[in-house]
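Structure 1 and structure 2, given next as structure tokens, are two forms of the same protein chain, each shown alone.
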Structure 1
Amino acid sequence: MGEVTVRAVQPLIPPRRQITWFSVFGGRRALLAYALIPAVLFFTVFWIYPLGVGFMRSFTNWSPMSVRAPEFVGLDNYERAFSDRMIGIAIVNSVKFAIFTVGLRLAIALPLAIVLNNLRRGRDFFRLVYFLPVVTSVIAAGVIWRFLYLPRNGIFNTGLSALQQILGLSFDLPRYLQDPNIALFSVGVMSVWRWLGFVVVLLMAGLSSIPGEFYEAARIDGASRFQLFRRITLPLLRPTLVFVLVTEIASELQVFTEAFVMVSRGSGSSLGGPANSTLTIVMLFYQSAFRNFEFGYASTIAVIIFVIVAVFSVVQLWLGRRRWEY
């Protein structure tokens, strides 16, 4: 019989693991979680906490001018708000302003962005030119536009007066910020001008992300320019359009500075004048908080603003949830 050789089986010893910063802090995922801590703290301290405090204050009669502690009044502030006629006027004005400004701005910005996106030279120059009003101080822009709207010496009525003489027409020159029928829309035109470049830049970014092969294939199949716009540009630009609509409407529903500088401070009218035609919901919040010092009631108005903006945003996101793929 042959000899049987017995070999000792050595235990398998795993290789020594190299210690790195990732392993010390729990790996890459844990390190990413640690990196998000400042963002979570910032969101909590500057958004969640103020929102919660404001909501709780809306059930009190808190006033910084009173030496007494805030008292719980239940739903009295909300009953007052829903029975206040000025709240309804302010909400209607805010919605009208948002629809007018966002609709007109988008109607101008979309074709303008398409034209600029197709330019081979000078695209960056025109993009900068249209974006300049965005970085302009809103107060400075409001003061300038207030002088442009002057009934007698303003540049708009000066041009209309010259047109009257040339064409032999006869009509009353508009009074813009002094006319309750057009004061809100006059402020809206200034807002359209100021934020037009911002929307143009966003739409140009969305247009640049659409592959050119889609247009080339459609042109080979004989598609017209309108068909290219309808079948390719609009569907693939939908995410950008939804983002623009949500952010722009949320911003314009909270308009304050433009109307305050151009009308309330500039023309000598009362807050929201003339005849409450430019009274917005944020302006009513300002009046309740910083003129009447009714911070409890102002917190109620702030909650109403939050609900209105949230409802508009959710509806738009729901309507734009459809995705297109080619």
Structure 2
Amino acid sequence: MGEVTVRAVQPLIPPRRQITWFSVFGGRRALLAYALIPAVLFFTVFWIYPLGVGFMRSFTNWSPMSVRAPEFVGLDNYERAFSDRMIGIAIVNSVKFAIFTVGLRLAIALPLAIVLNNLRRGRDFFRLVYFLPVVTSVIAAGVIWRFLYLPRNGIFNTGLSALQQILGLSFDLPRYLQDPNIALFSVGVMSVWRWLGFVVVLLMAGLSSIPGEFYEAARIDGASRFQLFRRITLPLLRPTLVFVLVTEIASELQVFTEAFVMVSRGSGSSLGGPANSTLTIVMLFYQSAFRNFEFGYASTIAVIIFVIVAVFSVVQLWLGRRRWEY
């Protein structure tokens, strides 16, 4: 560009104010009305209003089966929740499940992502294969894993009993989904399997944004592989790791379908077995809302779920923001 000319853009002012098609439908106001009126209506009706009403009604004895209007009962629902043994069990189960699945998944996904990122050939192939379970319906995954976990002739116990014979040992084969001590973790392993490829892909995206020069410079200085990982990969991957942890923990705390489909027979049957070992907090919410139709109490449980998820998210963000000391 040779010379810069300064132009004043004159707004086009029509000589008379005419009402034309363009003056009504062509301008910014028309676009804003077109975009915002339905959107504001939608988010009010389907989000803001239900949130507000749900919160308010957690202080009532609301039930959709009752013809009477919900009555304000103060903190009764909350008192009931805090003395409800089941809620304690469900919260502990959900927190255990979230920490177990997210921790194990990350521990497997991080090495896989690093190895994949350094791969010369076949990267797309492996990424594709790891991603297959992610796109499989969670119900299908549950059925498949119920089959793998069969106590008598499932694949895991077939392998274990072969191992027993080779080593000449004898121990009781685990009953993965029937033993209250391990059922929750058996469901968790399925969840780790299903979402592993997703976390691998996210971590790969984070890893590929780390400049290769950092590694070259460090290697010239004689850094070992572990040092490269510890001093370059880990700190520069931190934003991705924090993001993955926060979103993963938040969604795993709300686990429902996996446990629902692997342990119970579905609608009508009892939930959270064996011995309440797979009862999660969202399952309890489902039970009080849509089996017992105690909507007031269910709203209270929903508020508790919200508080738990919020506390976990805030704590992780706070920890993630702090500089790591070396």
Partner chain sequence: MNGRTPSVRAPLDVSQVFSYGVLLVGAMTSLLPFVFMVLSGFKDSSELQRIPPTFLPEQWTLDNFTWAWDTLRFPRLFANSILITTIITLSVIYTSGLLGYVLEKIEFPGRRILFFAIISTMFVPQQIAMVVLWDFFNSLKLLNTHIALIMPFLYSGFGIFLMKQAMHTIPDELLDAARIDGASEIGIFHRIVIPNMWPSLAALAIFTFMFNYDSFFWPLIVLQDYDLYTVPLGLAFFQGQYFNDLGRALAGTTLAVIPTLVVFLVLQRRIIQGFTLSGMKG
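Sequence positions of structure 1, starting at 1, serve as the residue numbers. It should be emphasised that the depicted structure is a prediction, and the values quoted were computed from it without experimental measurement. Only the largest set of C-alpha atoms that superpose within 1.5 Å between the two forms is called the rigid core.
Each of the two structures shows the same chain on its own, and it is structure 2 that derives from the form predicted together with its partner chain. Once the rigid core is overlaid between structure 1 and structure 2, F290 does not reach a Cα shift of 2 Å, moving by less than that. After superposition on the rigid core, the Cα atom of F43 is displaced by 5.3 Å between structure 1 and structure 2.
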